[in-house]
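In the form predicted alone, a lone chain appears below as structure tokens.
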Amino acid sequence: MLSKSAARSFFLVGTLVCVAFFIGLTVDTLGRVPAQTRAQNLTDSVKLGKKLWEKNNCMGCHTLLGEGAYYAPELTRVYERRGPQFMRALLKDPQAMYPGERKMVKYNFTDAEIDQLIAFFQWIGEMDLNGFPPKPHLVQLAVTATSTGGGVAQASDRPFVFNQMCVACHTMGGQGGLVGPTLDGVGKRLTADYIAAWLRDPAAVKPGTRMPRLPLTDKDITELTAFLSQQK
């Protein structure tokens, strides 16, 4: 049993030690903030994008940096996961990207506002967050190998645009989106010319299709056509 004076001394010393540690950790954290948040990349576009995020209450549905709601996808690493092309198309018209599926409101952002939001998400995605958020193993995309090999192709073997846009709706190798049909064996079912025409303008090939016209460059279409044609 401690005497009253000893207990008092123990309490005071313990409190002072804890306060000292707290102050030290706070100073250390504040000193790390500029470097870890890439403060040098905080441009006017990023700041305007943040204002749009707050003005439209995006956090009412999405989570960012661990804060927000869980109704819609987490967006801390969305720039890395989906890329600017997909993000621009979705922000322009969510319903067109996911006909009958997406419940995101169409905010009628201007092209300049969309660029500002994308700049904001890019800045967020480049922060050093000590490994947060972790990349879940369950959503790592596995796709079937090309006809010249066996097993499962690595992400590096696929066109960059495929990893960011196509897998949002289509599955391959058992993983990916469930909005559109699977792309396993698509090279057996469709010719390269058909795939290229489809990627260029789906509605022109099949009027009334749910697939939107994606913002793909000629290079994107060429790479995707070559890749998908090999999936046999």
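Start at 1 and count along the sequence shown; that's the residue number. Between two forms, the rigid core is the largest collection of C-alphas that superpose within 1.5 Å. Since this is a predicted model, take the numbers as computed values, not measurements.
The protein also exists as the form predicted in complex with heme C (HEC); that form is not presented, and the subsequent description refers to it.
Contact with heme C (HEC) in the predicted bound form holds for all three of Phe109, Met165 and Cys169, each having a heavy atom within 4.5 Å.
Note on contacts: among Gly31, Gly66, Pro181, Gly174, the single residue with a heavy atom within 4.5 Å of heme C (HEC) in the predicted bound form is Pro181.
Remark: Val46 does not count among the residues lining heme C (HEC) in the predicted bound form, judged by a heavy atom distance of 4.5 Å or less. With a 4.5 Å cutoff on heavy atoms, Pro73 counts as touching heme C (HEC) in the predicted bound form. Remark: Arg189 counts among the residues lining heme C (HEC) in the predicted bound form, judged by a heavy atom distance of 4.5 Å or less. Using a 4.5 angstroms threshold between heavy atoms, Asn56 counts as touching heme C (HEC) in the predicted bound form. Residues of 192 to 220 that come within 4.5 Å of heme C (HEC) in the predicted bound form, judged by any heavy atom, are Trp198, Leu199, Lys206, Thr209, Arg210, Met211, Pro212, Leu214, Leu216 in sequence order. In the core-superposed comparison between this form and the one not shown, Asp201 has its Cα shifted by at least 2 Å. Relative to the superposed core, Thr37 shifts its CA atom by less than 2 Å between this form and the one not shown. Once the rigid core is used as the reference frame, the Cα position of Phe162 differs between this form and the one not shown by 2 Å or more.
Relative to what is shown, Pro212 and Leu75 are closer in the predicted bound form; their C-alpha atoms differ in spacing by at least 3 Å.
Contraction of the Ala69-Pro212 CA spacing by 3 Å or more is recorded in the predicted bound form, set against this form.
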